[in-house]
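Next up: the same protein chain in two forms, each one alone, written as structure tokens (structure 1, then structure 2).
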Structure 1
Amino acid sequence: MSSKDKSKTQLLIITAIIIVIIIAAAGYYYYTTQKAGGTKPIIVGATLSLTGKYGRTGEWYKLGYELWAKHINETGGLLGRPVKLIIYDDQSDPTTAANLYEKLITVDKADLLLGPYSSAIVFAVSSVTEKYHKVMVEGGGNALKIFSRGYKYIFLTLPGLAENITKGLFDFIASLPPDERPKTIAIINANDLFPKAIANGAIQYAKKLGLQVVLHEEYPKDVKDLTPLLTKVKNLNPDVLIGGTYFPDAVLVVRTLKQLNWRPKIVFLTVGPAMPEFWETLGEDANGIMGESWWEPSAPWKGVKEFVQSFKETFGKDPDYHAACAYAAGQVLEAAVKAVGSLDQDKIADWIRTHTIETVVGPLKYTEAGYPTLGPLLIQWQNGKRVIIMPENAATGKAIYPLPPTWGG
């Protein structure tokens, strides 16, 4: 054996020893940290649209998630372990989001998952989370198609689907004494997916209550004049007008009704009335107009006051419904993990499906498909304020009903 061979053998032995030591050390470290447990954080992963077309909205969800994580870590964490949030920017793109969820699950080993924003992205992402049998609680996508695939691991915190938007209105109608109840309804909507779903839901609810739908007609989404359609409605003189609208057409409906100097007993419009700009644009003409709201800072649900106050203190502004739904998503996960006592995804999913969970967006009770049926709040504009009319246990005022038939002046 030459001296060269000798030193080669020595080198091999030394290398082998070093490798063994490293493996042993790693094993020991792993063993001790596993036993200690408390120091290893629970990783909660999500992607959000922080840039791109949904950038502004995505930011609200981020704040909601962060506030939830902050609260939970201040109160001792989950299962005695701190919570660590990993939030990636999906750039408002479904494919990017789906890839990032794959990464969250396989690379980052996320223990729990929260959802992204907007129906298209939730739709894409949920096929990944379902594949890995990972529970995802989300407040950002409520299209029916997300929940009609028989998925078992996805749950929504927005309190209902587009089809449920008029639920509060029909609950209100049902609460009236029979002789005061409206009997006829006209439904108009923009010819777009979301308003169509609202109108279909309204027709179902109306049938159940035995109300007669005297007209259902659509109009182009970017309509510039609703006079022809609303003249038709006026001639039929229904008791209720339901509009599956966005903001601009909601404003146009109110202005045109005033121009035609006619008003049914109830005017219910979607999207527009929930926004402060509705009153800023219409002023007193908005009085008495009803709409839906997914959430209000004045809603009397459990924990809302504390949530609003803490949000203001932490971020210096009032939360909106997106932030509330995001916070609620955290609350649903938290309740389930605490009740189940582990991170077992199947047990968590079963528990969520079988319990009513108190959140800042209301008590959520889930259908088999994974969405709550609570429905949004029914609101009505009264002198510059959005007053909650329904559900009764959340009401902050009495409804103006019926509306005066003309606008006067």
Structure 2
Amino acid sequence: MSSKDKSKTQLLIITAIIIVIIIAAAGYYYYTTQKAGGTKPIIVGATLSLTGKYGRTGEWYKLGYELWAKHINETGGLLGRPVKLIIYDDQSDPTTAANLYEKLITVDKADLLLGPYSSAIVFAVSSVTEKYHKVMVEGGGNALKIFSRGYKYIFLTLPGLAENITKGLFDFIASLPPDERPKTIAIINANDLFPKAIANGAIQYAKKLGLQVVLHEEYPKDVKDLTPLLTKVKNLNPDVLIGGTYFPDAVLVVRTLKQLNWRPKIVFLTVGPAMPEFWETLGEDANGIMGESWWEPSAPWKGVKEFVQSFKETFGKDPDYHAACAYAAGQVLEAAVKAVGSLDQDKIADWIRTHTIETVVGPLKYTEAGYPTLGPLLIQWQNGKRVIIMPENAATGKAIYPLPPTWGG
């Protein structure tokens, strides 16, 4: 055999060996990742408002998602596979978020989806996830409008709708002796889907109790000065001020009221008062401010103690309800995937809709539309602590009512 023929023969042998190695590697990869569960990660995707208007709140969701993924991976993963989180910054913008969920689904090939923050962003994103028949579990958007479109793949972990947020407040008012009840209410809210829903719900509750709404006015969601609006409210002198707010404008309301040296008998604001940063930012000025909380560290739900302890050990601070609702979103996905034994989106959606799921925000039983119906707590800041006022069977203290009408009082 000539040296030339030998070289050809050697080349053919080497080529054959390489082909065998490739086939063997491919077979091994298929077996370990598809047949045996293997180590190919399950990709769980989400966007969050890590910058922009909702950046401070979005960070809580990120921590909640990360803690869930940490716990999952420490206990064997899902379906024998580790969980890998992909979280993009949607910059607090609905259009950006919708485009990023399209990327998560079509480019990143996310197996499971967690939700973003704020009703406006969830509303935009859920149309994308529905189009691709991808389950999304979220704890950041609870306006009724989101769940009124007949969608089958979106599920909420906030224990109720935005329209019901003021229920605890009005239950408290109804519990007062008739001669002590407030008579007039002013409602202000940011011009955004979630705060609008809060205001609409408050108006309905006020009507049921026969209370007069003397003002209902909206302000831009990126408002920097509420002095003109709150001066107008002060001149009407209502007994109750309800604010459909996020964290930044909740803080702004309190600071402006102090500048005006005026308080009605009740100040109820949303989102901000439920966050530890509210007291850290305002200090004593937060005293007496009421709000809603979808979850508290003192709640009697399964796993709350362990969640709070692990969160504090991992991140060096206590969780708020945003972090709890984010963690619960992971728990819902986890329970469904384990129950159906696959990543089949239709099976996962059907299972969630037909089962009660134990989470750190309570046992979640879903309506056909995809939201649970537990309802929020009424809280009030008292000397650096969030005190539960309503419902009565969960109360940890009595309300400061009425508030002193001036900040020096």
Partner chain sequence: MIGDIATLTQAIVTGILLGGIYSLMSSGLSLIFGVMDIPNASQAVFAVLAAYITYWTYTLVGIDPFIGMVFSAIILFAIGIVMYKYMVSRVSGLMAFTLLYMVAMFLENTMIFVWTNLYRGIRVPYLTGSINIYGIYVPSDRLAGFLISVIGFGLLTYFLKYTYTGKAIRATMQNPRAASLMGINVNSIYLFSFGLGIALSGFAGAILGIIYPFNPTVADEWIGVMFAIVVFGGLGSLMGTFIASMIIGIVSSLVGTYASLVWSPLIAFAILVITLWVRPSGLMGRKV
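Residue 1 is the first residue of structure 1, and the numbers go on in sequence order from there. This one's a predicted model, so the numbers in the text were calculated from it and none came from an experiment. Superpose the two forms; the largest set of C-alphas matching within 1.5 Å is the rigid core.
Student: Structure 1 or 2, which would you say is the form predicted in complex with its partner chain?
Tutor: Of the two, structure 1 is the form predicted in complex with its partner chain.
Student: Please find the hinge residue among Ile185, Gly375, Thr129, Tyr327, where one rigid part turns relative to the other between the two structures.
Tutor: Residue at the hinge, from the list: Gly375.
Student: Superpose on C-alpha atoms and tell me the smaller rigid part's rotation against the larger one between the two structures, in °.
Tutor: When the larger parts are aligned, the smaller part is off by a rotation of 35 degrees.
Student: Could you check how much the CA of Ala250 shifts between the two structures after a rigid core fit, in angstrom?
Tutor: Comparing the two forms, Ala250 shifts 10.5 Å at C-alpha.
Student: Would you look up how far the C-alpha of Ser293 moves between the two structures when the rigid core is overlaid, in angstrom?
Tutor: Residue shift at the C-alpha: 2.4 Å.
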